[in-house]
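Next up is one chain by itself, shown in structure tokens, the form predicted alone.
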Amino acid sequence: MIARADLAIVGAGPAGLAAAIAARQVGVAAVVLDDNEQPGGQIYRQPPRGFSIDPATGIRDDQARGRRLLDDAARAGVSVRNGVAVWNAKPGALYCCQGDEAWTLQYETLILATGAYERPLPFPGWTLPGVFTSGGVQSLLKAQRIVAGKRVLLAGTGPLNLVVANQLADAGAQVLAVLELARPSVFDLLPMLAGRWELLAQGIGYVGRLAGRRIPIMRGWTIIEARGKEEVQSAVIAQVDDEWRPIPGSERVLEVDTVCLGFGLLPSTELSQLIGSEHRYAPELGGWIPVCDEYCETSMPGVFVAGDGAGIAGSLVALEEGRVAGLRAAMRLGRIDPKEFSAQAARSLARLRRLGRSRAVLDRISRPRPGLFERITPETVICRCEEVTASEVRKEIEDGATSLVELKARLRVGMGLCQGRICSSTLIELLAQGTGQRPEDVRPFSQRPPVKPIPVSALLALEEACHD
């Protein structure tokens, strides 16, 4: 089956919904596709339909903000088709699947609001049951009110761990500590105030509630090992220097049953790569990101990116980028002229400039540093899908491998179910260290469809339809 749309939007998080609302308000009805059961994305994740749960306070706040955005979308006449996996993209066409049904969506303009996934960082014991990403633990809480463990340690860098720590404590978990790698001073944080008053107020609230519960925020500390036989039983933590290398002699052992890791996010760029957009390496924004102009348009005319899939920046930026992309797509379609676009997008563009200045400070504080990857032991598993260890990766680098393509051919890294999402960022760092290249010189894995798991029956149905 072939469907058609003037504007297609992939992703129904803050960026995708904001884009659809802005476009609809100037007369463009977008086809919005999302692979989750309900719209809202990760930050505004709603419980499944039919669930009646009493979420913890912090989760209730997120879901209320998401509900308001969803209500705005409904009032604007935006509809979202949920449960749809977009598994391939070409200029002018998306390939979609829902259950056993597969079809092609031809579009005039496209907005990719594909979001991000968490940055995994290997260390000894990270594959033990009981080691989670912080976002994964938050998803369990938001969607089904499941608390991952009883004695919880959070480690990493950035604001997400503060949020999750409060949400876990609200839900009844014993949070032992939040380990924060960075040690920002007041003078580091002052430039962040402009344009981020909402986040500042939220951040003060999160820190204050942790202090009230006597949950320590240990700045300049990290986890270096998780221990246990069948599951996590303890965690070894240590102080770190300015390059985030563990300081010998500072080690401590904590008895825990759950470890939450929050080391930042990586943009989900599979579709923007498949479609042929130019990409650049920006470590402060999560790694490889699509090249785009100030109006969110990529090197492919009529193709836009917005939100964390365009570079990690958070929900406030995602909302404004989505609105700009939606209006710019409408201009591309001839529904508004350049003068009207400038008038309607001016406020969002100004706010994006303010947010960009303050965001640069947080990017600098939380950028990954060499010590993160130097704690990897030879036995540490790097590629979980294929169970490839660091010693195997380093041996191939010593034997002449200089790219991810060569490592993939020799070790099968990146060929499992995650398609390199778990291992690629670490492999890039190991290649850079072992070959003397800069990380930006190591090209990411080439994308191959399907970028999402889909039933073979759907592919067969699509092939049969193409031959009819």
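Numbering starts at 1 and follows the sequence shown. What you see is a predicted model; the values in this text were computed from it and never measured.
The form predicted in complex with a small molecule is left out here; the points below concern that form.
Candidate from 102, 182, 176, 84 lying within 4.5 Å of the small molecule in the model of the complex - any heavy atom: None of the other options qualify; the answer is 84.
In the model of the complex, the one of 355, 226, 116, 121 near the small molecule [non-hydrogen atom within 4.5 angstroms]: Result of the distance check: 116.
One stretch from 329-337, 133-141, 247-255, 386-394 that, in the model of the complex, holds residues within 4.5 Å of the small molecule by heavy atom: Flagged stretch: 133-141.
All of 13, 265 and 307 with a heavy atom within 4.5 Å of the small molecule in the model of the complex: Affirmative, all three are within 4.5 Å.
Proximity of residue 318 to the small molecule in the model of the complex, heavy atoms at 4.5 Å: The answer is yes: residue 318 has a heavy atom within 4.5 Å of the small molecule.
Exercise: residue 43 in contact with the small molecule in the model of the complex, heavy atom 4.5 Å: Residue 43: yes, in contact with the small molecule in the model of the complex.
Interface membership of residue 35, the small molecule in the model of the complex, 4.5 Å heavy atom rule: Yes.
is_contact(residue 271, the small molecule) in the model of the complex, heavy atom dist at most 4.5 Å: Heavy-atom contact with the small molecule at 4.5 Å: present for residue 271.
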